[in-house]
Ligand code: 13P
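One chain comes next, on its own, written as structure tokens: the form predicted on its own.
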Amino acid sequence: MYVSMREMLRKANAEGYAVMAINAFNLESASGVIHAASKMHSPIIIDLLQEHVKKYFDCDVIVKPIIKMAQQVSVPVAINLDHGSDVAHLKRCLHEGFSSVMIDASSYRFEENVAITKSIVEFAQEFNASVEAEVGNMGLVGAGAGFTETKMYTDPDVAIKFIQKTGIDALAVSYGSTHGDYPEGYTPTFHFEIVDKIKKETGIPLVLHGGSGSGADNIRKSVKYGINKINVGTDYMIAQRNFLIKALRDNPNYDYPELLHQSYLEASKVIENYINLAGSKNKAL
């Protein structure tokens, strides 16, 4: 079934678990996400990163087939625009059928972030769509970028004011994670007191970005302290790539359509593992 994030996150908030949000970038990768959710009887969010949508298949092309796939399964599926910073494009995505959007104005000053976010919250009401926003910032491993630094962490007091002023459905919080693939053997240090304070003061669903490679302990503790949505993209894509490398090494003449199909099915096992860690198995409505 096709839904917005709002109700699935409210349920997760009330029952103390998190919903996985998995980055997809085409129909095959979206199918792998839905396959894992159906197998685990779990609600799921398909995150379509603004950068990917613009580069590969724009919103008027990709969203309707994914909606159709979502409507054909019994578990709740939301499609969320991830890190939408281009307001005009974000509004196009809502017009095309996205059930949820993340407006990322975190690079702006507080009052500007509030104003931009509030305008999107009001606009999204027309489509009964949920809105996620961000306070603080997260780094990006590789590509000349760097790890999330202490100064980039979310200030809980600022986040609380932001939530009160904007009326958002969920807030992405920076408390130690970084987007991308960590160096081998590295596990980030999470500062759960940031999540704890915001949760106790506001009670709204909070979001962990950069969940890939964060470690099982950090994932479980994040849920315990009030995270209700966990974004994972890198681990899912790495699993696809690793399958392709091994499969082609073993059989260079692998049938290409079947090769791609199997890569997403194989990688969906990574999603199943995260669903277990997040506590959303068998939580489908």
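As the structure is a computational prediction, the values presented were derived from the model and not from experiment. Residue indices: 1-based, along the sequence shown.
Omitted here: the form predicted together with the named molecule. The next part is about that form.
Give me the residue from S212, T166, S99, N113 that has a heavy atom within 4.5 Å of the named molecule in the model of the complex. When the named molecule is considered in the model of the complex, the option within 4.5 Å is S212.
Can you pick out, from T154, T117, T178, S130, the residue that has a heavy atom within 4.5 Å of the named molecule in the model of the complex? Only one option qualifies, and that one is T178.
Looking at heavy atoms inside 4.5 Å, which stretch does the named molecule contact in the model of the complex, given the options 50-58, 226-234, 65-73, 256-264? Heavy-atom contact with the partner occurs in 226-234.
Can you check whether S268 is within 4.5 Å of the named molecule in the model of the complex, heavy atom basis? It does not: once the named molecule is placed as it appears in the model of the complex, S268 has no heavy atom within 4.5 Å of it.
Residue by residue through 1-18, tell me which have a non-hydrogen atom within 4.5 angstroms of the named molecule in the model of the complex. Going through 1-18 in order - heavy atoms within 4.5 Å of the named molecule in the model of the complex - there are no hits.
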